[in-house]
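So this one's two forms of a single chain, laid out as structure tokens and tagged structure 1 and structure 2.
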Structure 1
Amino acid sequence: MDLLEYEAKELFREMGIPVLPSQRLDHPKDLKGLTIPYPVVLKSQVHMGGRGQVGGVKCVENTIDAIATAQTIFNLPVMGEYPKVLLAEAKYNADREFYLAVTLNRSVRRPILLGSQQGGLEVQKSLHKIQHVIVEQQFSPYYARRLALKMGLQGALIGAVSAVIEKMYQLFVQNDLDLVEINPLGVSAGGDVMALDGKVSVNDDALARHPQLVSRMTKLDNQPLEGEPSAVVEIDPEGQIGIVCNGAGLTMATMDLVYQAGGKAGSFLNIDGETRWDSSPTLLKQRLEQGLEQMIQSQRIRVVLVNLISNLVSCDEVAEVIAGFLNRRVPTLHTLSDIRPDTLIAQATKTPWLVVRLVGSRCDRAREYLATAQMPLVESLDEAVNLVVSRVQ
């Protein structure tokens, strides 16, 4: 998850990375208490990129001008996102603009330092000019100096830029970040450097051990914290199929199969949990139950494909949860013992919302449990997918 610019800059300031004097605005009228002398730059604080192109960054000369502009920016969506906060910042005359970043490289499995003399908007066009240094072992300032040299810097700029990189790296490690980026790093005619825009991405898995970072973060609306399990994820507004699966790989493979068969998945739920340190059968069963309830709340979802490969929880335990769920839904089916069996079957096949595919231990008992809820158990994944797709067509 990304921090907003002003949140990133607060971290920069605390770390000693040079940033301009700035003030956070929650409302245009906050400009009356502005202590930074004009001209001032007003910047929309959104997670989406490309705010500059749509007019989310404007320079203002006086209070009247500022209030009107702030009003406009507050009402200006950037890729659909409205800012809740603006940043008012002193204007800086950069002679040159550099690009700097610290991130993790998955292939070399190490943090890498990135830098280029072509920063700002130029960086997109000159990606090949970005230099990198891999932080092989324990960090030492020479890694930063090495990058500054590779960037082709000379004289006092080597020291000034590598000092910034060093602090970026400290920030990166101390807060378990995925990315620290400064673009552009403004360089004045006199050789001073200034972080003009900043981006900080936190690591979802490490966030829980950085409460101070959580408390200062602005979360995106309607976006659950990534990594949070057991939430139904909406994907395609036209999709009528819901997928309940366990494991990321299997969930993706199942979604692919549904599309290949001509269906569209509307939402999915990954029960997951096999490799979570604190997972237990009770927890997983609970998650399945909540997930099913949550999924059928949606009016759009007409069929739910439950595709589970049991390991921690055996098939019969899963089936018990599903049967319980179904019996709660159609309590009358049970008591209609006087209805002829073929009518019952007709009723059951009409049950609109579930196709159950289970494999693993104690599958036969699972079949019996599901039979009490008139629910057939499918063992072949391809067959289950075809069944689901044929029901929505």
Structure 2
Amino acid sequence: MDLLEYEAKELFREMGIPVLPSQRLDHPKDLKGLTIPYPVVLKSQVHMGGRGQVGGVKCVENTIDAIATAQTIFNLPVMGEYPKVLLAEAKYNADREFYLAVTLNRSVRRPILLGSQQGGLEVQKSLHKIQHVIVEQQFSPYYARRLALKMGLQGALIGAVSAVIEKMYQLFVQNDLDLVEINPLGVSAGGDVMALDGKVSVNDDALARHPQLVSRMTKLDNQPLEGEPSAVVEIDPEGQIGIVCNGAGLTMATMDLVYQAGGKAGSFLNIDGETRWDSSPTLLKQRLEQGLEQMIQSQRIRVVLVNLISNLVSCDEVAEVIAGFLNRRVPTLHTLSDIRPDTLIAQATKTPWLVVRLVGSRCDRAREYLATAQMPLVESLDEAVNLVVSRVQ
């Protein structure tokens, strides 16, 4: 589970990592009680990246402009996700921007420190310049200074950046995290450093040992995280294929296979995987049902590929949700004779074809459920992709 930026910076502040004065905003009217002097930067708090490119980060000079800008950002989706909270933060004039991270090297099963003098948006263009140091034994300041030197830092910057790396590592270990990232670490003309943006990924399996992290993730409106899936993301106005998957990796892989087979994905929907800390069978089935309803709203999507890998929810339970959805959307066979042909054609054109591929337990029973809705279960992903592309063509 990824924390939002303002949640990550709360951890940074507690650990002694330098962060700017900031204030959480639950509503544009909260700006009337802003305690930070203008100019301030308003930031959309979403889990998706790329918010700056779509207008989710704006600098404002006064309260009137701030309220109008906040209203715009609250209604601005970033990869289908709408913010429920904004962060108002003091403006910082950075002379340079660095990249720092602490994560796990799963190949050697050891923590690894990452750093580069190219931070912010530039880090994506210069991945080959990211330096790394594997923490092979018990951590000591030596590892942090070694990374600073490999980054090419000199003088007082070595000590300033090393101190931040040490605190990042302490935060990483003490909370059993998967990732602590600062991008960018701003450096002023005087050599002061400041964490201008931060990302913290929590290890879901370790949450039982860290109830304080759970409380941070559930305190939006004092409610648990909601169960509905993210909104459908439109990606190609010419695409006629919709993709429904569970998990970001599976979604991207499925999209790649569709394009390789000559198809165009018009939209996709990730209903989230089973590794979320709040996952439950009921919640996942609810996301799937609501996700299918969202996906078929598009008038240009002709075929929907449902590709799910399920463990927490067995395949027959998933198939039961899909079959129930189809039976509600499409007339059953014994009522077709009662429907006028023009009405049936109109209803059929409004409901895209579904191609279903499931991986998990009790697939035989899943096949039986889908057979009642005249929907075959495709075992091979390649076969499912080819079937989807041929249906469109």
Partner chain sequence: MERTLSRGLAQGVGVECCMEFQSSIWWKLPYRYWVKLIQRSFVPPYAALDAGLEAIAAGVRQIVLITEGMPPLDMVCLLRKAETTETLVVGPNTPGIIVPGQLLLGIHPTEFYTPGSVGLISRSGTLTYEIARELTLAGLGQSLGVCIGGDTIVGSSFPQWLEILDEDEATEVIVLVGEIGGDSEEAAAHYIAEAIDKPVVAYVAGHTAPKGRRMGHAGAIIASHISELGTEIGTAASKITAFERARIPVANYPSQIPTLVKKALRLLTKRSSS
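Rigid core (definition): largest C-alpha set, two forms, superposition within 1.5 Å. Since the structure is predicted, the reported quantities are computational estimates derived from the model, not experimental observations. For numbering, take structure 1's sequence and count from 1.
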Given the two isolated forms of this chain, which one is the form predicted on its own? 2
Threshold 2 Å Cα movement between the two structures for T63, core superposed: no
Rigid core superposition, V306 Cα moves 2 angstroms or more between the two structures: yes
Superposed on the rigid core, does the Cα of L250 end up 2 angstroms or more away between the two structures? yes
For G360, what C-alpha shift in Å is seen between the two structures once the core is overlaid? 16.9
